[in-house]
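For reference, the chain that follows is the form predicted on its own, supplied as structure tokens.
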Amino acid sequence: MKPVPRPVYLDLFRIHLPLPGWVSILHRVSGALLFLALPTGVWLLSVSLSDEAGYRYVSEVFAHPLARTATLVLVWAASHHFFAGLRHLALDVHWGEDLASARRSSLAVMVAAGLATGLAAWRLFG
């Protein structure tokens, strides 16, 4: 049998990941986003709980469209990380390991995270 020539140069823009691969990468990206946003969230919480003026200040910050957009991104990150984490826990106990089940669970993660983000967008901007 003739060996398959392996690519020497990997062009990352030409590699097509399957849906479970995208869910796995986005799980890591969303986890990093949540981790990086944690200090700001703790600071905003401490300011809002300090006194009435701090609460008004944080309310004014969240009234800005850019802050609402950042909140929406964090809602997506939290929901995607949650649902993808549930999927990975199911894979750890060997549920849905075959290809068809992995594709279905990946699609379910993407749809559930999209629905949660859409609901949050409706509440934030509606």
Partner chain sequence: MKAATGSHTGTGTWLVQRATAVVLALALPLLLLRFLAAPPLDFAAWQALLAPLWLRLLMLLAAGALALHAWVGVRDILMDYVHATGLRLTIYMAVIGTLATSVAWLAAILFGPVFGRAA
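Positions refer to the first chain, counted from 1. Because the structure is a prediction, the values reported are computed rather than measured.
The next section is about a form of this same protein that is not shown, the form predicted in complex with its partner chain.
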**OP:** State yes only if every one of 55, 82 and 89 has a non-hydrogen atom within 4.5 Å of its partner chain in the model of the complex; otherwise state no.
**Re:** yes
Subject >> Contact flag, residue 99 vs its partner chain in the model of the complex, heavy atom cut 4.5 Å >> reply: no
Original post:
Using 4.5 Å between non-hydrogen atoms, is residue 43 touching its partner chain in the model of the complex?
Top reply: yes
Original post:
Does the 4.5 Å heavy atom contact test between residue 49 and its partner chain in the model of the complex come out positive?
Top reply: yes
Original post:
Wondering, does residue 111 line up within 4.5 Å of its partner chain in the model of the complex on heavy atoms?
Top reply: no
